[in-house]
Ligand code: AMP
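Okay, here we've got a single chain as structure tokens, the form predicted alone, with questions on binding and movement later.
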């Protein structure tokens, strides 16, 4: 067996180059994607000086003596709502009623918020506070100036990024193309849906893995179910390699007589070029893992993951090996892997020494004292998917006898980007 860290390092070293494919997408479709190049501003944000408050645009020098006891009276010469260009300037002793976001009129250098004013007749306003130059004024280019690198290549686009890009009239952006991921289940025992004949079970892995691929920011392509036939599995894998960037299979990667996935990958690597390893990783669940890279017909390097067939093992294997790869291919360098944090055990996590890292499915919550704590989310057998469904973390219980309640242990959080 090899360690988890060793297996992950081997996969990282064999992956296709990050950002190998880029594409231009509409801004509305860019959420969660990664910029493939710097975005440089061609204009200012905001494009003009404007007021941050409802109030009065004034010359600050006219308010030097203003106080609640002795307010200053200014002559109101107009009103300026947002979206309207100023039609006149502000002179000495004058003020213009102005609404939030409206352009600052020429001559005015400050805004007095309306709460510090009182109208005095039809054409006057009393101001009871001294205004400072620039007060409540948003300068042109105060957020972004022409020539600024607004966002650097590698930035993951969140909603606020899209707002900034829209303010600069970037209706399209060039991003690292999300990986196209073929998802293939294998096994004579599997059916997609409907009544079950004797010996048959419904395929849970393919819908689950497709959803995990989507959650990882990649694009799943459903390759259905392949029965346990070496030639058929090899043909389906070849088809997936030629049309996608990554292939995920589930089942047929252990040491059984009908475990043809690893045989098929080996044969394709020998025929087309690439690399292949069948690994026994020192973890429980998800010990068996087939991983390789296969040359596609167009010369691309395609990563192939043969995940275990038991659904919990398949899910855990995806989280540990395939998900970081998909994120890395899509440009998510710093956020390719889930965060691992120290969490207090709310119950004892006992186990027997077996040379493996145990990955217990857990529910992480905030304890009464504000500290993160975890407990097992259900039965831990590798075929019990309901426990996985109730989990939001994987507790990493090191080889040995486990930990007692109250001790801390590392937990990989599953409900984070």
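Residue numbers count along the first chain shown, from 1. Since we're looking at a predicted model, the values are computed, not measured.
The following text describes the form predicted in complex with this ligand, which does not appear among the structures shown.
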| query | finding |
| --- | --- |
| 4.5 angstroms heavy atom contact with this ligand in the model of the complex for residue 119 | no |
| This ligand contact at residue 152 in the model of the complex, heavy atom, 4.5 Å | no |
| 4.5 Å heavy atom contact, residue 177 and this ligand in the model of the complex | no |
| This ligand contact at residue 189 in the model of the complex, heavy atom, 4.5 Å | yes |
| Which of 144 to 152, 306 to 314, 125 to 133, 167 to 175 sits within 4.5 Å of this ligand in the model of the complex, heavy atom basis | 306 to 314 |
| Contact residue in the model of the complex, from 266, 242, 259, 109 (heavy atom within 4.5 Å of this ligand) | 259 |
| One residue of 201, 341, 232, 82 in contact with this ligand, assessed in the model of the complex (non-hydrogen atom, 4.5 angstroms) | 201 |
| Partner contacts in the model of the complex for 219 to 252 (non-hydrogen atom within 4.5 angstroms of this ligand) | 250, 251, 252 |
